[in-house]
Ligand code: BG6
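Just one chain is shown here, as structure tokens, and it is the form predicted on its own.
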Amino acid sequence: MSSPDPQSVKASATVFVIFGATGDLSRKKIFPSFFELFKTNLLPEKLKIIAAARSAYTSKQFAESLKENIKADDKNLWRKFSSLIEYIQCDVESGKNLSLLSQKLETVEKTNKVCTQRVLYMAVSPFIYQKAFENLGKYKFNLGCQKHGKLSRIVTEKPFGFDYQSAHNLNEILNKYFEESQIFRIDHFLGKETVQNIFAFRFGNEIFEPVWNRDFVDNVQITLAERIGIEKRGEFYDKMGALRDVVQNHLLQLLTIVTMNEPSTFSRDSIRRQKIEVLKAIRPFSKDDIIKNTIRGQYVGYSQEASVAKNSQTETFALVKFFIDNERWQEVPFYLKTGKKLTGAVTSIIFQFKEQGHELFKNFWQKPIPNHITLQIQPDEGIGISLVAKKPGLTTVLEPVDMEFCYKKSFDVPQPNAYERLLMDIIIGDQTLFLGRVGNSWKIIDPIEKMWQKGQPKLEIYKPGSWGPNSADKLIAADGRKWLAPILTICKI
């Protein structure tokens, strides 16, 4: 992962076109992240942000509408930042006013008097990607500053497709106009500090890598739990569900990062190669496996949400038990779980190590206490290690104790959010934290989704504020294990 060179970033003339500028993603994530980078003087000196959407706004009206999600106490700073934003009413799906947008890009380049890097950010519904890509190609947005060979960059959000075939088709259309070096497929989880630090944790500390395998690890639990429901995303969410919206991308990406073999270099291709090897090694599911090793649930009241079908069978909770059939991880179960309206909001990866018991301490504990390593991505980023220690006193009593490394406590420096990190990487052209051609993960998910669409296993209803369907506890209990994420939250600040 390259470190942004402040001088090269400042000197690079750049124009961002944010398609879908009036949507929640743009308002809540992209523009606030741009503002934070602007405050810290990290953006190019010659930067233009063109907000593009179907709604009717003037540039001033649009900038004012962003204040709801941006803390801009310094009026002078806000004035300077908002002057970088220009709004153009257009529709990338239908192609309306794209010629006007193309003319605006030419004008920006003439104003800059230098070949300007063009970035096309697709903050639009993934369901219009196909038409959008075709229109971008039709109006030659893929070419960028041709005279100097500086091709445009395009940024796509997840989910990319809704199954393997649709993802393949989208890749074919995208690659018809854009080379892979131009394409930045975002999974914002990969921009999180803890996710990036996993590489340093595993491969930079000799004490961990030797035990990072089936000989020492009993099981791995990857959890993304949310307190919120679907909010205003009913139309989108009811078409996707938790399996395709979260497991297919976020959770499988986390799985590959924590299980892959060490890449030969810290480069995009080397890291992607190792991640793909993991996905290819995931054990295929038979129909019986899907019934036995997956659970789907829906919170009470989901069908009453806006834009959701009244008889919806879409899952808001998904649990899948995976196995990776390679030398390192053979027969180690990986439990991937996500859900909305759960008791807590936490995203974590927990490695539980094997514990055989020690003859020396057989009279001092009723049951061996296994070690755990927790890689926590949210709410507070950090790494925790659960150890066994003797409790102070005249008698020998063993109890678990925690050692924590927390970013906010350990480093007295501003911590950029995931989108700030990714926006900077887009500007400098570093694709390390971005996805390659999405496809292998869909091959894993598609058989499960097909069975779920047929009603197998049965959709279970769970209460908001719980930890999901009771069958989730029964599934892991049948393996002689228990869920650890709710009780091992670390770095509580």
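Each residue number is its position in the shown sequence, starting from 1. Since we're looking at a predicted model, the values are computed, not measured.
A second form of this protein, the form predicted together with 6-O-phosphono-beta-D-glucopyranose, is not displayed here; the remarks below concern that form.
Although the partner is absent here, Lys340 lies within 4.5 Å of 6-O-phosphono-beta-D-glucopyranose in the model of the complex, judged by heavy atoms. Contact between Ala309 and 6-O-phosphono-beta-D-glucopyranose in the model of the complex is not found at the 4.5 Å heavy atom cutoff.
Among residues of the shown chain, Arg233 is one whose heavy atoms approach 6-O-phosphono-beta-D-glucopyranose to within 4.5 Å in the model of the complex.
6-O-phosphono-beta-D-glucopyranose is not drawn, but in the model of the complex it has a heavy atom within 4.5 Å of Glu226.
Shown without its partner, this chain lists Arg273, Lys131, Lys192, Lys96 as candidates; in the model of the complex, only Lys192 has a non-hydrogen atom within 4.5 angstroms of 6-O-phosphono-beta-D-glucopyranose. With the partner omitted from this view, the residue of Asn175, Gln196, Ser82, Gln378 that lies near 6-O-phosphono-beta-D-glucopyranose in the model of the complex is Gln378 [heavy atom within 4.5 Å].
No residue of the trio Arg214, Asp218 and Lys354 has any heavy atom within 4.5 Å of 6-O-phosphono-beta-D-glucopyranose in the model of the complex. Heavy atoms within 4.5 Å of 6-O-phosphono-beta-D-glucopyranose in the model of the complex belong, among the stretches 242 to 250, 136 to 144, 285 to 293, 106 to 114, to residues of 242 to 250.
If you take 153 to 182 and check each residue for a heavy atom within 4.5 Å of 6-O-phosphono-beta-D-glucopyranose in the model of the complex, you get just Lys158.
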